[in-house]
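For reference, the chain that follows is the form predicted on its own, supplied as structure tokens.
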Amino acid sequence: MVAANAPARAAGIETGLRLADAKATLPYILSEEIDRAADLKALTALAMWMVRFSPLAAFDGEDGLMLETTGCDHLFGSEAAMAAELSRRLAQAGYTHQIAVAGTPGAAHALARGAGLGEHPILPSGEERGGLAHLPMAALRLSPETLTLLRRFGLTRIGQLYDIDRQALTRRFRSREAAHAVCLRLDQALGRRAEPFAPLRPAPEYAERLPCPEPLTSPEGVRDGLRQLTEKLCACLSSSGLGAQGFAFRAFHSDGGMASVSVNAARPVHAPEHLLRLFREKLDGIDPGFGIDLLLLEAARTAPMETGSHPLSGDLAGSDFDSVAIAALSDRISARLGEGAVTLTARQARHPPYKAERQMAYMAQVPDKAPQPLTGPRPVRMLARPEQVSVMAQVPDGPPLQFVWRRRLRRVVRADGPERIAPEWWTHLPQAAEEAGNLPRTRDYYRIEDNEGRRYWVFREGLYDDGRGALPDWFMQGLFA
């Protein structure tokens, strides 16, 4: 048995009892196979909801959570008040629970597992030795085999380990690992050894919270709460000379639910007006429902703000590129169309034109204004993939005289080229001699104009008598303005 409800516990059914023994005690008991995947999903959602009490939450076994509440209890008045409020919220959501507060994770785990239902023991830091002495040995997070061996030695309470010589205890165990586990868990619970804490998500670098005396039930109240939080958070960031690139706004409902929206900036910001403008596009995702009793705004990925004067605009400026204005525009577009909607075209040192540039997310980078490599003009529009055309051309290296593209005959009146672009042979080294005929072929590019004034960029793939296949093929690569 992994868990039992109150009537089953009253009839003597306890956790750890075999199902056959439970049915022998209560023949008509109802049982259900445990679903670990669903339990993990529910526990993860509960851990995310716990952010209203602490930004740091971690799993504690398969059925528990551990919160790092240092610096959080004053928000509720005291540790006892925080534990009482957490218990009330969990009970309201229908969770049977046990809560304990202690100075070490091991002590908190032991108290929570050893305390009775409805109890919320609080053990001040430094008093772990006395507070844990009466608890059962199973509260130390030891394996069933180790607990069985300890019971054979007559050790059933944590306090019985205090005065036993460590070397003598180790000699009683056949396994050095089991003896080490007992000493390690005891030292961690008593605060003699540090215990790593791995939260499910990193703590926000800056955060502001707004408790609501009366639950918010209107979108206007949510917007006003966000405005207050934004002003406070931005003032805090500004006083430290920082800005942030990631912001998360969370609304905690009275019925135990939570809704959140997040925005990202291309560069660190701490301007309330800009931040509110970004959130305005997403606030429809927060439904007040039956009421919101807490609002939380978090900032992440902070960095020092750039200092200095703003650049001149117009013909007085040395450059017509305003990185601040461009970043602000990028943020507004991303807030409306989604992350990744704004991209930047970056150059790459590659021979093929379709590989000479790549798309990357815009993160307030200044576009590269380096001189163009020694290549010819490039079209304003490149086709997603080259389209084959039928061409009548001068042989062997002459430009097209006329061609058929998308079922239309087009007569060429002007042409420029060729611009020869060799393949990147080092990326297509043949593994065998018979593969040499499959290597990429040289391309000759031409800029041509038809009798209607339209300009194209076409290429011939392959040379006549190059020994790498049949006759060359012609393709449409792009269109000029």
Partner chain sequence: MNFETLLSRGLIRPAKASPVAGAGFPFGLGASGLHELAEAAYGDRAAMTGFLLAAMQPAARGAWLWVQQGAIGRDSGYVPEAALSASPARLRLTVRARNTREALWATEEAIVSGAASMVVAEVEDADFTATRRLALASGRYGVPVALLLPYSCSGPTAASARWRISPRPSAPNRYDPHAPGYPRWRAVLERCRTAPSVAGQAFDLEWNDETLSLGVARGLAAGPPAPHAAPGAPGPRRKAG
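What you see is a predicted model, and the numbers here were worked out from it, not measured in a lab. Definition used throughout: the rigid core is the maximal C-alpha set that superposes within 1.5 Å between two forms. Residue numbers count along the first chain shown, from 1.
Another form exists, predicted in complex with the partner chain; not displayed. Remarks below refer to it.
- Heavy atoms within 4.5 Å of the partner chain in the model of the complex are found in one stretch of 72 to 80, 378 to 386, 213 to 221, 144 to 152, which is 378 to 386.
- Candidate site formed by 262, 286 and 300: none of these residues places a non-hydrogen atom within 4.5 angstroms of the partner chain in the model of the complex.
- For residue 406, a non-hydrogen atom is located within 4.5 Å of the partner chain in the model of the complex, even though that partner is not displayed.
- Heavy atoms of residue 326 reach within 4.5 Å of the partner chain in the model of the complex, making it an interface residue.
- With a 4.5 Å cutoff on heavy atoms, residue 35 does not count as touching the partner chain in the model of the complex; it lies far away.
- A residue is said to contact a partner when one of its heavy atoms sits within 4.5 Å of a partner heavy atom; residue 187 fails this definition for the partner chain in the model of the complex, lying far away.
- Contact annotation: of the candidates 357, 231, 119, 397, the single residue with a non-hydrogen atom within 4.5 angstroms of the partner chain in the model of the complex is 357.
- This chain lacks the partner; the member of 206, 279, 362, 252 within 4.5 angstroms of the partner chain in the model of the complex by a non-hydrogen atom is 362.
- Along 338 to 357, these residues reach a heavy atom to within 4.5 Å of the partner chain in the model of the complex: 341, 342, 343, 344, 345, 347, 351, 357.
- Core-superposed comparison between this form and the one not shown: the CA of residue 106 stays below a 2 Å shift.
- After superposition on the rigid core, displacement of the C-alpha of residue 152 between this form and the one not shown stays below 2 Å.
- Once you line up the core between this form and the one not shown, the Cα of residue 134 stays within less than 2 Å of where it was.
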